[in-house]
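For reference, the chain that follows is the form predicted on its own, supplied as structure tokens.
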Amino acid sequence: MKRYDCMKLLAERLKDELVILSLGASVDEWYNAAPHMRAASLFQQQLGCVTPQAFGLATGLPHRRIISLDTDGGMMFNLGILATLGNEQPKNLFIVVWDNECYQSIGGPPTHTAFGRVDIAAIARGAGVEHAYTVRTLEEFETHCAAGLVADVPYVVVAKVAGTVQPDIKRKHSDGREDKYIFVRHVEATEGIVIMGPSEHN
């Protein structure tokens, strides 16, 4: 199962959601798979921060569906977020973990999930996230996307994907600072609020 194919299936279901996603090749893949979601997506740059930031956003905007597109490496950096989700039970948070069993962006060394013992979905269930599933086919992925996007509890899908990157796709040209402002202005416009006001001149 290819991550890019999963992304296209998920993107077809999205309209006014907000997305936080991880660094690496998944950034360019999402940029191409979901062009209508570019302004609504925050392209994160730190491992371990994607789902925590998505949880914070879900808490601050409880009326809005928030999506975390995390990675196996990123989730393993901060497993404590699963305990937080288990205790807090955010009703509007849908989490996808792209589990390719390697740190793809630094050459492909294996993550913990590559050895057949570490099961992120099982860890999530053990932490109190009742709806946490591992999927290996596009059909399973699409079924859980449909369920997770309307669930009123935190919902985790660990997608077992190939370690290959979608070839010949457009690179995202904006940097992290520009991405932040694009995302914040989108939230301001769609929520009718001010998050970052104009700079003051003395």
Partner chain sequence: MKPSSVDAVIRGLKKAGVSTVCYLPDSLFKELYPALDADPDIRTIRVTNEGEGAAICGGIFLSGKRAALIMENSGLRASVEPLARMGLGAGIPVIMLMSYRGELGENNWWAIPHGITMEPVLNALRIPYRVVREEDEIEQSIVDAYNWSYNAYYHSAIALGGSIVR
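Positions refer to the first chain, counted from 1. Note that the structure is predicted; figures quoted are calculated from it, not measured.
We do not show the form predicted together with the partner chain, though everything after this point is about it.
- Heavy atoms within 4.5 Å of the partner chain in the model of the complex are found in one stretch of 29-37, 160-168, 138-146, 49-57, which is 49-57.
- Contact check for residue 88: a heavy atom falls within 4.5 Å of the partner chain in the model of the complex.
- Although the partner is absent here, residue 10 sits far enough away that none of its heavy atoms falls within 4.5 Å of the partner chain in the model of the complex.
- Within this chain, residue 42 lines the site of the partner chain in the model of the complex, having a heavy atom no more than 4.5 Å away.
- Within this chain, residue 193 lines the site of the partner chain in the model of the complex, having a heavy atom no more than 4.5 Å away.
- Taking a 4.5 Å heavy atom cutoff to the partner chain in the model of the complex, the contact residue among 76, 83, 114, 123 is 83.
- Although the partner chain is not shown here, in the model of the complex the stretch 130-154 places no heavy atom of any residue within 4.5 Å of it.
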